[in-house]
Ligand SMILES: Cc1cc2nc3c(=O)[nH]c(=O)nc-3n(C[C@H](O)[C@H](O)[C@H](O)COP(=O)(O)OP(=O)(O)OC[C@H]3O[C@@H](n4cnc5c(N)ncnc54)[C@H](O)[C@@H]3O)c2cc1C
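Just the one chain here, the form predicted on its own, laid out as structure tokens.
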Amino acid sequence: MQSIAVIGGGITGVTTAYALAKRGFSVTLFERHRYAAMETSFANGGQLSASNAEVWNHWSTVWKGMKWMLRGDAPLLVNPKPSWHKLSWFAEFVGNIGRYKQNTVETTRLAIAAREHLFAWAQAEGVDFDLKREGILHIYRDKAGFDHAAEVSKLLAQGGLERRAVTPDEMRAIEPTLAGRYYGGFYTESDSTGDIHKFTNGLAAAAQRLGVRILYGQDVERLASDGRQARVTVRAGHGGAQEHRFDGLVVCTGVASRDFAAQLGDRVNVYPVKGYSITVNLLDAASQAAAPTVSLLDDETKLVTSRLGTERFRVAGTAEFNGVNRDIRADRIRPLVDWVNECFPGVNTRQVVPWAGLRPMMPNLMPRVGAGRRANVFYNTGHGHLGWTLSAATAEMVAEQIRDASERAQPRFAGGGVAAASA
């Protein structure tokens, strides 16, 4: 049985470990926090949204970023301070505008495939994650936004996703609690929502039942490979560094993937794009009745919602290009609270929990899945704003690639085991 290290205990790392364990690999997962899903997989928008598969590589995104650069509360905010990383990322982003349609269609296909795996895993393992299969309603206040969405719907259809245009009256029938005036919307009945943190921890427990060894509180300092053996150097607590050896490894480290890839001789140009969320605690029956049960996506404000059980309402979104910065800014949280007050005035926002996380985005908005330069190094990272939506599909993809590589390399891949030595 081949030994594989999975680096990172967020949604991509845990799904990867699970998919590998199902294929009979001996898997060790390293996570620097005490629990799984404590960073970007902690409090996202909660959507499993194939209908949000449109990539951002479009000239309209560039113009909005330039127009909003000096607005602190802008849905898309770019810190004008230059860095080589940021400049190279944006140059590649613009270079991929020509692949906007192709990548949107491909992302749609991935998202549809992913949800089949994810639902099957949750059912098989008894994972409770506040799943709601009520669909997602995209809302538009003007004709321009609605017309653009109609063009996007054509691309989604090419990828196999059905979503339909709805009138304002139909929108109110779908979600009666939504206040305000709208030009129209698009509704995707097959989309759903849930709590990513609960799902990731539930699947982590299932992976452990399958034999995955999860090492929490392990700060990975260095990765190395000679193509035959992979080495993972970690530091736990106040102890010294330890080196573990494996037959192969998978990098699932979100925004840290760029630095780890450089150690392994690869270029993975992930950039951290900060998003914010608020979790509104629905403290009374009136608020619970006034909060939506159908998930929403407001394209104008770049906000999404999900209802998590009876007593929580999640609102998330915005995009901030500001490097590795996890500060929770009041001027970025305020628009989310204001949006709730405007669209759902019956919801009491007295108790709101703010959060910020860094989405790991590749310049083409497509995840980096597959082999590195070394024969035993693989990546499953860079999922951007669709990490949870795509995770089950990309985990299956990379696990299949590792199995294929293992079979081709026998007996070279066999029998490495796990060894630890003080460094």
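Throughout, we count residues from 1 along the sequence that is shown. The structure displayed is predicted, hence computed values, not measured ones.
Keep in mind that the form predicted in complex with the ligand is missing from the display, and what follows is about it.
Checking 312 to 320, 76 to 84, 100 to 108, 156 to 164 against the ligand in the model of the complex, the stretch whose residues place heavy atoms within 4.5 Å of it is 312 to 320. Residue Thr389 is the only one of Thr389, Thr394, Ser51, Asn376 with a heavy atom lying within 4.5 Å of the ligand in the model of the complex. Of the residues given (Met171, Val220, Ala291, Cys343), Val220 alone sits with a heavy atom within 4.5 Å of the ligand in the model of the complex.
The ligand is not drawn, but in the model of the complex it has a heavy atom within 4.5 Å of Phe260.
Interface membership of Trp56, defined by any non-hydrogen atom within 4.5 Å of the ligand in the model of the complex, is ruled out. The ligand in the model of the complex comes within 4.5 Å of a heavy atom belonging to Ile196. The closest heavy atom approach of Gly275 to the ligand in the model of the complex falls within 4.5 Å.
For the stretch 82 to 105, the set of residues having any non-hydrogen atom within 4.5 angstroms of the ligand in the model of the complex is empty.
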